[in-house]
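Given next, in structure tokens, is a single chain: the form predicted alone.
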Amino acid sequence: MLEVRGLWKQYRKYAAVQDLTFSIQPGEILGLLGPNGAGKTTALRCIAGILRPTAGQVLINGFDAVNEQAKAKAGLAFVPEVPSLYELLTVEEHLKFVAMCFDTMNVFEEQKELLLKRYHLAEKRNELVATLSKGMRQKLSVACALVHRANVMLFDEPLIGIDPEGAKELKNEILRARNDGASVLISTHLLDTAEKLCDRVMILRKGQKIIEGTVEELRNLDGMEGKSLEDIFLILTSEERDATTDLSHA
């Protein structure tokens, strides 16, 4: 499972993330929502270990992401918005390299063939990453995240640049991971997708969590009855509204 406790990320006088606390249980998908600049990607990068938090703690399967980094990352998969891939490796070599990094070569052959087929990369297996289109790079990035069978999964705008068929398969993959007991955190601007895919949502504004709960719990707020997640999001993130509400235990 994933636990985030009092997470801060400060850049001199600017706090990109402020006192963020939440948890994701095994078999649960949490949607991370917020306007541009709300701190979503910064939070994800702190959780993934790419950025060092200014304060607070991230626990992945009970391991501290800063002080027990290797153990924490062993169960973690992160799919960034913009894939960062090794362009002089072939598609198959890239998958193998990731499996070797996580010491999961014992399941590599089975996982490799499954993922190559699932993301329509089989015909590209011997092609250099440098030759792939943007959409194919995104699919390879997702496949690399899944090759070591992580049980804590982070996705930053995972559907950007993927064709409709690939997007549908990725959503199915996320649901499969959830059903297999993974803890999944998804940052997205696609609110209709978040409403259908996520068990709970958390909305950030200016680095702070302003609300957390199921969509139904959000609809129980004053004035929100019958509204879509998009309408609720726009109301709660408006500059005129200052209230902060935590519905995670409602």
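Just count from 1 along the sequence shown to find any residue number. Note that this is a predicted model, so its numbers are computed, not measured.
What comes next is about the form predicted in complex with adenosine-5'-triphosphate, which is not displayed.
Is residue 81 part of the interface with adenosine-5'-triphosphate in the predicted bound form - any heavy atom within 4.5 Å?
Contact check for residue 81: yes, within 4.5 Å of adenosine-5'-triphosphate in the predicted bound form.
Residue 52 within 4.5 Å of adenosine-5'-triphosphate in the predicted bound form, heavy atoms
Outside the cut-off, so no.
Do residue 39 and adenosine-5'-triphosphate come within 4.5 Å of each other in the predicted bound form, heavy atoms counted?
Yes - in the predicted bound form, heavy atoms of residue 39 and adenosine-5'-triphosphate come within 4.5 Å of each other.
Within a 4.5 Å heavy atom cut-off, is residue 196 in contact with adenosine-5'-triphosphate in the predicted bound form?
No, residue 196 sits far enough from adenosine-5'-triphosphate in the predicted bound form that none of its heavy atoms falls within 4.5 Å.
Pick from 30 to 38, 63 to 71, 219 to 227, 178 to 186: which stretch has non-hydrogen atoms within 4.5 Å of adenosine-5'-triphosphate in the predicted bound form?
One stretch meets the cut-off, namely 30 to 38.
Going by adenosine-5'-triphosphate in the predicted bound form, which residues of 6 to 28 come within 4.5 Å of it through any heavy atom?
Contacts from 6 to 28: 11, 14, 16.
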